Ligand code: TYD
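Only one chain is shown below, in C-alpha coordinates, and it's the form predicted on its own.
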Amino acid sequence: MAKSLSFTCTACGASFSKWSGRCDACGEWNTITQEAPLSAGPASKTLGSRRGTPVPLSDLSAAEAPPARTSSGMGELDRVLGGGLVPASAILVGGDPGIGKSTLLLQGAARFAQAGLKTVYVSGEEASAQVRMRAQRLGLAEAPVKLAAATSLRDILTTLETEAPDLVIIDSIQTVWADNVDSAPGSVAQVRAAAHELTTFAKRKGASVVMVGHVTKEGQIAGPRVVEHMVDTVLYFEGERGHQFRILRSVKNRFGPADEIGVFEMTGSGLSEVANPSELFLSGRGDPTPGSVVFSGIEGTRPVLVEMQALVAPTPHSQPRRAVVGWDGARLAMILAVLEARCGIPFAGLDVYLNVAGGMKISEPAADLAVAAALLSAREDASLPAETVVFGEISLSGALRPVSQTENRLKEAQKLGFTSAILPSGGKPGGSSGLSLTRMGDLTAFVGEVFGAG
(Lines give C-alpha, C1' and ligand atoms only; values in the text may rest on other atoms or scores of the structure.)
Protein backbone atom coordinates (compact mmCIF):
# COMPACT_ATOMS: atom_id res chain seq x y z
CA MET A 1 0.00 0.00 0.00
CA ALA A 2 1.47 3.35 -1.04
CA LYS A 3 2.17 5.94 1.63
CA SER A 4 0.04 9.07 1.57
CA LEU A 5 2.13 12.16 0.93
CA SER A 6 1.80 15.29 3.04
CA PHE A 7 3.00 18.77 2.15
CA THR A 8 3.49 21.51 4.72
CA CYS A 9 4.10 25.26 4.46
CA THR A 10 7.33 26.20 6.21
CA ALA A 11 6.02 29.74 6.85
CA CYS A 12 2.70 29.06 8.57
CA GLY A 13 2.55 25.27 9.09
CA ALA A 14 -0.57 24.66 6.97
CA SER A 15 -0.90 21.12 5.55
CA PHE A 16 -1.87 20.19 1.98
CA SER A 17 -2.42 16.93 0.08
CA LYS A 18 -0.43 18.08 -2.96
CA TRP A 19 2.33 20.55 -3.77
CA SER A 20 1.65 24.03 -5.11
CA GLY A 21 3.81 27.08 -5.66
CA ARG A 22 1.79 29.37 -3.38
CA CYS A 23 0.40 28.68 0.09
CA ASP A 24 -3.36 29.33 0.20
CA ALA A 25 -3.24 29.96 3.96
CA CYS A 26 -0.56 32.67 4.25
CA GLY A 27 0.05 33.66 0.63
CA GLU A 28 3.81 32.95 0.66
CA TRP A 29 5.52 31.58 -2.45
CA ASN A 30 7.79 28.51 -2.65
CA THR A 31 7.34 27.58 1.01
CA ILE A 32 5.49 24.25 0.61
CA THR A 33 7.68 21.19 1.11
CA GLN A 34 7.04 17.47 1.35
CA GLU A 35 6.91 16.18 4.90
CA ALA A 36 7.88 12.67 5.91
CA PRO A 37 5.75 10.99 8.59
CA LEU A 38 7.19 10.33 12.01
CA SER A 39 8.68 6.85 12.30
CA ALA A 40 7.76 6.38 15.95
CA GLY A 41 4.93 7.36 18.22
CA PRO A 42 5.00 8.62 21.77
CA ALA A 43 7.53 7.04 24.12
CA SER A 44 4.96 5.89 26.67
CA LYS A 45 1.23 5.45 27.24
CA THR A 46 1.01 6.59 30.82
CA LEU A 47 -2.33 7.88 32.05
CA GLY A 48 -2.44 9.31 35.55
CA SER A 49 0.24 7.90 37.84
CA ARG A 50 -0.08 4.20 36.89
CA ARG A 51 1.02 2.96 33.47
CA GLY A 52 -1.98 2.37 31.21
CA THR A 53 -4.54 2.95 33.96
CA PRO A 54 -6.58 6.12 34.49
CA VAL A 55 -6.60 7.32 38.09
CA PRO A 56 -9.49 9.16 39.77
CA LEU A 57 -8.58 12.70 40.70
CA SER A 58 -9.66 12.10 44.30
CA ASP A 59 -7.17 9.20 44.60
CA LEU A 60 -4.09 11.31 43.94
CA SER A 61 -2.05 11.29 47.13
CA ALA A 62 0.20 14.02 48.41
CA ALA A 63 3.21 11.99 47.35
CA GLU A 64 1.97 11.96 43.75
CA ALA A 65 1.35 15.71 43.69
CA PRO A 66 3.98 17.76 41.86
CA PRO A 67 6.56 19.56 44.00
CA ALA A 68 6.37 23.28 44.59
CA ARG A 69 7.64 25.92 42.19
CA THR A 70 11.26 26.98 42.27
CA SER A 71 11.98 30.69 42.47
CA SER A 72 14.95 32.08 40.57
CA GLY A 73 15.30 35.20 42.67
CA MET A 74 14.67 37.32 39.55
CA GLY A 75 11.32 38.84 40.44
CA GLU A 76 10.41 39.82 36.88
CA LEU A 77 11.14 36.34 35.50
CA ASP A 78 9.28 34.61 38.32
CA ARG A 79 6.29 36.95 37.79
CA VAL A 80 5.98 36.01 34.11
CA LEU A 81 6.31 32.30 34.90
CA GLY A 82 3.41 32.61 37.34
CA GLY A 83 5.44 32.59 40.56
CA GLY A 84 8.39 30.40 39.67
CA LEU A 85 9.46 27.41 37.60
CA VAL A 86 7.04 24.47 37.58
CA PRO A 87 8.65 20.99 37.45
CA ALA A 88 7.95 18.88 34.33
CA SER A 89 6.95 21.96 32.33
CA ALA A 90 7.81 22.83 28.74
CA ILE A 91 8.45 26.51 27.97
CA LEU A 92 8.91 28.15 24.57
CA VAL A 93 10.69 31.53 24.39
CA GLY A 94 10.61 33.59 21.19
CA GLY A 95 12.08 36.93 20.19
CA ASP A 96 13.84 38.89 17.47
CA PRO A 97 17.50 38.08 16.74
CA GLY A 98 19.88 39.93 19.07
CA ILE A 99 17.13 41.03 21.46
CA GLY A 100 18.77 39.19 24.39
CA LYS A 101 17.09 35.77 24.61
CA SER A 102 20.33 33.89 25.23
CA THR A 103 21.45 36.48 27.78
CA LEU A 104 18.17 36.23 29.67
CA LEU A 105 18.17 32.43 29.72
CA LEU A 106 21.83 32.21 30.73
CA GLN A 107 21.18 34.56 33.64
CA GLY A 108 18.03 32.59 34.53
CA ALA A 109 19.90 29.29 34.30
CA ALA A 110 22.58 30.60 36.67
CA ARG A 111 19.95 31.79 39.16
CA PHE A 112 18.03 28.50 39.10
CA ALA A 113 21.28 26.54 39.45
CA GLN A 114 22.23 28.63 42.47
CA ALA A 115 18.76 27.90 43.88
CA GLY A 116 19.57 24.18 43.84
CA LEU A 117 18.37 22.94 40.44
CA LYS A 118 20.68 20.75 38.37
CA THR A 119 20.85 22.78 35.16
CA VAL A 120 22.08 21.88 31.67
CA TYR A 121 22.42 24.54 28.94
CA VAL A 122 22.46 23.02 25.44
CA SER A 123 23.54 25.39 22.67
CA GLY A 124 23.06 24.51 19.03
CA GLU A 125 24.24 27.88 17.72
CA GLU A 126 27.41 28.48 19.76
CA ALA A 127 30.30 26.43 21.04
CA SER A 128 30.65 25.85 24.76
CA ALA A 129 33.63 28.21 24.86
CA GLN A 130 31.54 30.99 23.33
CA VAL A 131 28.78 30.47 25.91
CA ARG A 132 31.42 30.52 28.64
CA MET A 133 32.78 33.80 27.23
CA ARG A 134 29.33 35.37 27.54
CA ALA A 135 29.00 34.01 31.06
CA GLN A 136 32.28 35.70 32.02
CA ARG A 137 31.03 39.01 30.62
CA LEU A 138 27.86 38.65 32.69
CA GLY A 139 29.80 37.72 35.84
CA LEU A 140 28.42 34.16 35.85
CA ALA A 141 31.62 32.21 35.21
CA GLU A 142 31.35 30.42 38.58
CA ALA A 143 27.67 29.45 38.19
CA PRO A 144 27.07 25.67 38.62
CA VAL A 145 25.63 25.25 35.09
CA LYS A 146 26.70 22.44 32.76
CA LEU A 147 27.22 23.44 29.12
CA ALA A 148 26.83 21.30 26.00
CA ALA A 149 27.06 22.11 22.30
CA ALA A 150 24.98 19.69 20.22
CA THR A 151 22.33 19.65 17.52
CA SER A 152 21.50 15.93 17.23
CA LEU A 153 18.28 15.18 19.09
CA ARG A 154 19.40 11.62 19.77
CA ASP A 155 22.66 12.80 21.36
CA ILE A 156 20.86 15.45 23.40
CA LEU A 157 18.28 13.03 24.79
CA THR A 158 20.95 10.41 25.56
CA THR A 159 22.97 12.99 27.49
CA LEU A 160 19.91 14.22 29.38
CA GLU A 161 18.94 10.66 30.31
CA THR A 162 22.41 10.23 31.83
CA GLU A 163 22.61 13.61 33.56
CA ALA A 164 18.99 13.59 34.87
CA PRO A 165 18.82 17.42 35.18
CA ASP A 166 16.08 19.48 36.79
CA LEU A 167 16.25 22.24 34.15
CA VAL A 168 17.23 21.99 30.49
CA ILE A 169 17.65 24.99 28.16
CA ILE A 170 17.72 24.32 24.40
CA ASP A 171 19.09 27.24 22.37
CA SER A 172 17.51 26.95 19.86
CA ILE A 173 14.84 24.46 18.80
CA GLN A 174 15.38 25.34 15.10
CA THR A 175 18.94 23.98 15.21
CA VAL A 176 17.95 20.59 16.67
CA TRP A 177 17.45 17.78 14.13
CA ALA A 178 16.10 14.25 14.48
CA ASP A 179 17.72 11.55 12.32
CA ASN A 180 14.40 9.70 11.89
CA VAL A 181 12.81 12.67 10.10
CA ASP A 182 13.69 13.14 6.45
CA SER A 183 13.81 16.96 6.44
CA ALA A 184 16.38 19.71 6.80
CA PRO A 185 17.06 21.21 10.25
CA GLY A 186 14.70 24.06 10.98
CA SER A 187 11.91 22.69 8.77
CA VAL A 188 8.37 22.28 10.05
CA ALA A 189 8.70 18.52 10.47
CA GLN A 190 12.03 18.78 12.33
CA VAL A 191 10.82 21.52 14.69
CA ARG A 192 7.64 19.61 15.48
CA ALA A 193 9.46 16.31 16.06
CA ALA A 194 12.13 17.91 18.28
CA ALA A 195 9.57 19.84 20.32
CA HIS A 196 7.49 16.67 20.76
CA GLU A 197 10.43 14.58 21.96
CA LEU A 198 11.69 17.26 24.37
CA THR A 199 8.21 17.88 25.77
CA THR A 200 7.76 14.11 26.26
CA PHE A 201 11.11 13.97 28.08
CA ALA A 202 10.01 16.81 30.37
CA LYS A 203 6.77 15.04 31.34
CA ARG A 204 8.41 11.64 31.71
CA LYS A 205 11.44 12.70 33.77
CA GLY A 206 9.96 15.64 35.69
CA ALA A 207 12.51 18.09 34.28
CA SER A 208 11.67 21.59 33.11
CA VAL A 209 12.61 22.20 29.47
CA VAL A 210 13.02 25.72 28.06
CA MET A 211 13.23 25.95 24.25
CA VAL A 212 14.30 29.07 22.35
CA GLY A 213 12.37 29.68 19.13
CA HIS A 214 13.24 31.98 16.24
CA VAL A 215 10.56 34.38 15.03
CA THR A 216 9.32 35.21 11.54
CA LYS A 217 9.26 38.67 9.96
CA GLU A 218 5.73 39.10 11.36
CA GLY A 219 7.09 38.53 14.89
CA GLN A 220 5.51 35.08 15.40
CA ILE A 221 7.49 32.04 16.50
CA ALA A 222 8.73 30.28 13.36
CA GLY A 223 7.46 26.76 12.69
CA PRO A 224 4.03 25.20 13.04
CA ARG A 225 1.57 26.67 15.50
CA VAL A 226 1.11 23.16 16.89
CA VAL A 227 4.41 23.65 18.76
CA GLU A 228 2.79 26.41 20.82
CA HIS A 229 -0.01 23.98 21.69
CA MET A 230 2.46 21.29 22.77
CA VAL A 231 4.20 23.38 25.40
CA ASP A 232 2.81 24.67 28.68
CA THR A 233 4.07 28.25 28.48
CA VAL A 234 4.84 30.56 25.55
CA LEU A 235 6.90 33.69 26.26
CA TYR A 236 7.90 36.50 23.90
CA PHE A 237 10.95 38.66 24.55
CA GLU A 238 10.25 42.07 23.02
CA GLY A 239 11.95 45.42 22.75
CA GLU A 240 13.16 48.09 20.38
CA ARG A 241 16.82 48.25 19.39
CA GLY A 242 16.88 51.98 20.12
CA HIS A 243 15.63 51.54 23.71
CA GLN A 244 17.50 50.06 26.62
CA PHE A 245 14.69 48.03 28.14
CA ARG A 246 13.21 44.66 27.16
CA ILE A 247 9.80 43.18 27.91
CA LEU A 248 9.22 39.48 28.61
CA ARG A 249 5.55 38.81 27.84
CA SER A 250 3.55 35.66 28.58
CA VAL A 251 1.02 34.87 25.84
CA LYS A 252 0.17 31.39 27.15
CA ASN A 253 0.67 29.93 30.61
CA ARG A 254 -1.04 26.85 31.98
CA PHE A 255 0.32 27.56 35.46
CA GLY A 256 -0.24 31.31 35.78
CA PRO A 257 -1.90 34.40 34.30
CA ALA A 258 -1.46 35.07 30.60
CA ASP A 259 -0.46 38.52 29.28
CA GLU A 260 1.79 39.05 32.30
CA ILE A 261 4.92 41.10 31.61
CA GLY A 262 8.35 41.43 33.14
CA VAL A 263 10.51 44.45 32.37
CA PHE A 264 14.30 44.34 32.12
CA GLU A 265 16.90 46.94 31.28
CA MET A 266 19.79 46.00 29.00
CA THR A 267 23.12 47.10 30.48
CA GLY A 268 26.75 46.36 29.76
CA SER A 269 26.73 43.59 32.36
CA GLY A 270 23.51 41.93 31.21
CA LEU A 271 19.83 42.35 31.96
CA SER A 272 18.76 44.07 35.16
CA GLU A 273 15.24 44.05 36.56
CA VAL A 274 13.02 47.12 36.48
CA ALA A 275 10.88 47.18 39.61
CA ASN A 276 8.75 50.17 38.54
CA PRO A 277 8.10 50.04 34.77
CA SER A 278 5.75 53.04 34.81
CA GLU A 279 8.50 55.31 36.07
CA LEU A 280 10.82 54.04 33.33
CA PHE A 281 8.28 54.54 30.53
CA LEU A 282 7.55 58.10 31.67
CA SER A 283 11.16 59.04 32.49
CA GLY A 284 11.72 60.98 29.25
CA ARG A 285 8.47 62.93 29.44
CA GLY A 286 8.97 66.69 29.69
CA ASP A 287 6.55 69.61 29.77
CA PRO A 288 3.03 68.98 28.45
CA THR A 289 2.85 69.25 24.67
CA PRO A 290 -0.02 68.84 22.19
CA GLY A 291 -0.58 65.21 21.27
CA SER A 292 0.86 63.77 24.49
CA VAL A 293 -1.47 61.86 26.85
CA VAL A 294 -0.63 59.48 29.70
CA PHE A 295 -2.56 56.21 29.64
CA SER A 296 -3.00 54.01 32.73
CA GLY A 297 -3.08 50.43 31.49
CA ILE A 298 -3.03 46.91 32.88
CA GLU A 299 -0.56 44.28 31.67
CA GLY A 300 -1.46 40.95 33.21
CA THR A 301 -1.84 41.77 36.91
CA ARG A 302 0.39 44.85 36.84
CA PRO A 303 -0.72 48.47 36.24
CA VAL A 304 1.57 50.32 33.83
CA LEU A 305 1.53 53.99 32.84
CA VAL A 306 2.72 54.86 29.33
CA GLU A 307 2.67 57.96 27.16
CA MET A 308 0.54 57.97 24.01
CA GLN A 309 1.91 60.37 21.38
CA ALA A 310 0.00 61.60 18.34
CA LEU A 311 0.88 63.88 15.45
CA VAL A 312 -1.68 65.26 13.00
CA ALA A 313 -0.44 67.23 9.99
CA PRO A 314 -1.79 68.23 6.56
CA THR A 315 -0.87 65.68 3.92
CA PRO A 316 0.74 66.58 0.59
CA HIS A 317 -0.61 63.34 -0.91
CA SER A 318 -4.03 62.41 -2.21
CA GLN A 319 -4.26 59.53 0.26
CA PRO A 320 -3.64 60.53 3.91
CA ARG A 321 -1.19 58.34 5.77
CA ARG A 322 -1.99 56.42 8.96
CA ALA A 323 1.13 55.19 10.79
CA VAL A 324 0.94 53.33 14.11
CA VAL A 325 3.73 52.06 16.38
CA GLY A 326 2.83 49.99 19.45
CA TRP A 327 -0.94 49.85 18.89
CA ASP A 328 -3.48 48.24 16.56
CA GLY A 329 -3.78 50.09 13.26
CA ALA A 330 -7.33 48.82 12.68
CA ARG A 331 -8.43 50.18 16.03
CA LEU A 332 -6.95 53.58 15.16
CA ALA A 333 -9.07 53.62 12.00
CA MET A 334 -12.13 52.85 14.14
CA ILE A 335 -11.40 55.71 16.57
CA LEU A 336 -10.98 58.14 13.66
CA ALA A 337 -14.30 56.98 12.18
CA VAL A 338 -16.13 57.41 15.51
CA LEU A 339 -14.68 60.92 15.98
CA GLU A 340 -15.91 61.92 12.54
CA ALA A 341 -19.32 60.22 12.63
CA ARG A 342 -20.32 60.92 16.25
CA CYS A 343 -18.45 64.14 17.04
CA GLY A 344 -18.23 65.77 13.62
CA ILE A 345 -14.42 66.05 13.75
CA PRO A 346 -12.98 65.06 10.34
CA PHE A 347 -9.45 63.83 9.75
CA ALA A 348 -9.70 63.81 5.94
CA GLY A 349 -6.69 65.39 4.31
CA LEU A 350 -4.60 64.91 7.46
CA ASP A 351 -1.74 62.51 8.09
CA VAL A 352 -2.10 60.76 11.45
CA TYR A 353 0.86 59.27 13.34
CA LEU A 354 0.43 57.42 16.64
CA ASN A 355 3.22 56.12 18.85
CA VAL A 356 3.40 54.42 22.22
CA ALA A 357 6.47 56.00 23.83
CA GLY A 358 9.32 53.75 24.85
CA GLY A 359 8.55 50.92 22.44
CA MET A 360 5.77 49.47 24.59
CA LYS A 361 3.01 47.50 22.82
CA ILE A 362 -0.56 48.12 24.01
CA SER A 363 -3.44 45.81 23.05
CA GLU A 364 -6.24 46.44 25.54
CA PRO A 365 -9.35 48.45 24.47
CA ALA A 366 -8.98 50.66 27.56
CA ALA A 367 -6.49 52.76 25.58
CA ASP A 368 -9.24 54.02 23.22
CA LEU A 369 -9.99 57.19 25.16
CA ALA A 370 -6.31 58.04 25.62
CA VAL A 371 -5.75 57.63 21.87
CA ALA A 372 -8.76 59.82 21.08
CA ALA A 373 -7.49 62.46 23.52
CA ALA A 374 -4.02 62.40 21.94
CA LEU A 375 -5.49 62.75 18.43
CA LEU A 376 -7.72 65.66 19.44
CA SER A 377 -4.90 67.31 21.36
CA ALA A 378 -2.64 67.14 18.32
CA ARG A 379 -5.36 68.29 15.92
CA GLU A 380 -6.46 71.24 18.05
CA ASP A 381 -2.88 72.06 19.16
CA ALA A 382 -4.05 72.04 22.78
CA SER A 383 -2.25 70.07 25.49
CA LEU A 384 -3.89 68.30 28.41
CA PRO A 385 -2.79 69.04 31.99
CA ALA A 386 0.50 67.35 32.77
CA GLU A 387 -0.75 65.53 35.88
CA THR A 388 -3.77 63.85 34.22
CA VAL A 389 -4.18 60.22 33.18
CA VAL A 390 -6.83 59.01 30.73
CA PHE A 391 -8.35 55.59 30.11
CA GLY A 392 -11.61 54.12 28.82
CA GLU A 393 -13.11 52.08 26.00
CA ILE A 394 -14.98 53.73 23.13
CA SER A 395 -17.94 51.96 21.50
CA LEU A 396 -19.06 52.51 17.90
CA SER A 397 -21.97 54.58 19.18
CA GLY A 398 -19.56 57.01 20.80
CA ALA A 399 -20.40 55.88 24.33
CA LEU A 400 -17.60 55.41 26.85
CA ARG A 401 -17.56 52.01 28.51
CA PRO A 402 -15.96 51.34 31.91
CA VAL A 403 -12.91 49.08 32.06
CA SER A 404 -11.66 46.53 34.56
CA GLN A 405 -9.33 47.16 37.52
CA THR A 406 -10.11 50.86 37.69
CA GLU A 407 -8.92 51.09 41.29
CA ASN A 408 -5.49 49.63 40.47
CA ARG A 409 -5.05 52.03 37.55
CA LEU A 410 -5.85 55.02 39.74
CA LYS A 411 -3.59 53.87 42.57
CA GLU A 412 -0.64 53.50 40.18
CA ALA A 413 -1.28 56.99 38.82
CA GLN A 414 -1.43 58.49 42.30
CA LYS A 415 1.79 56.68 43.27
CA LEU A 416 3.61 58.41 40.41
CA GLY A 417 2.37 61.87 41.37
CA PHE A 418 -0.67 62.31 39.10
CA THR A 419 -3.51 64.33 40.60
CA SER A 420 -6.45 63.86 38.22
CA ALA A 421 -7.94 61.26 35.92
CA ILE A 422 -10.45 61.23 33.06
CA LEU A 423 -12.40 57.98 32.84
CA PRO A 424 -15.82 56.64 31.77
CA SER A 425 -18.81 56.97 34.06
CA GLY A 426 -20.15 53.81 35.63
CA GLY A 427 -18.17 50.94 37.04
CA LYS A 428 -16.76 50.94 40.55
CA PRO A 429 -16.51 54.36 42.25
CA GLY A 430 -12.76 54.22 42.88
CA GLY A 431 -12.99 57.25 45.14
CA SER A 432 -10.42 55.99 47.64
CA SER A 433 -7.55 56.69 45.23
CA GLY A 434 -7.28 60.34 46.26
CA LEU A 435 -7.33 61.65 42.67
CA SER A 436 -9.68 64.23 41.20
CA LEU A 437 -11.90 62.15 38.90
CA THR A 438 -13.71 63.45 35.83
CA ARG A 439 -16.24 60.92 34.56
CA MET A 440 -17.63 61.06 31.02
CA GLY A 441 -20.63 59.26 29.57
CA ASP A 442 -19.84 59.58 25.85
CA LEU A 443 -17.19 60.87 23.50
CA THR A 444 -19.16 64.02 22.59
CA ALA A 445 -19.25 65.12 26.22
CA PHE A 446 -15.52 64.40 26.51
CA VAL A 447 -14.72 66.57 23.47
CA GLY A 448 -16.87 69.43 24.74
CA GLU A 449 -15.54 69.28 28.31
CA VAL A 450 -11.85 68.87 27.60
CA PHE A 451 -11.38 70.70 24.30
CA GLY A 452 -14.32 73.11 24.36
CA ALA A 453 -15.96 71.70 21.24
CA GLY A 454 -18.74 69.30 20.51
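Note that residue numbering follows the sequence shown and begins at 1. In this text the structure is predicted, and so the values were computed from the model without any measurement.
This protein has a second form, the form predicted in complex with the named molecule, left out of what is shown; the following refers to that one.
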Suppose contact means a heavy atom within 4.5 Å; in the model of the complex, does that hold for all of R134, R137 and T267 with the named molecule? yes
Go through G116, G98, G286, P314 and name the one with a heavy atom inside 4.5 Å of the named molecule in the model of the complex. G98
Contacting member of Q309, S102, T199, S183, with respect to the named molecule in the model of the complex [4.5 Å, heavy atom]: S102
Counting only non-hydrogen atoms, the one stretch of 269-277, 191-199, 352-360, 380-388 within 4.5 angstroms of the named molecule in the model of the complex is 269-277
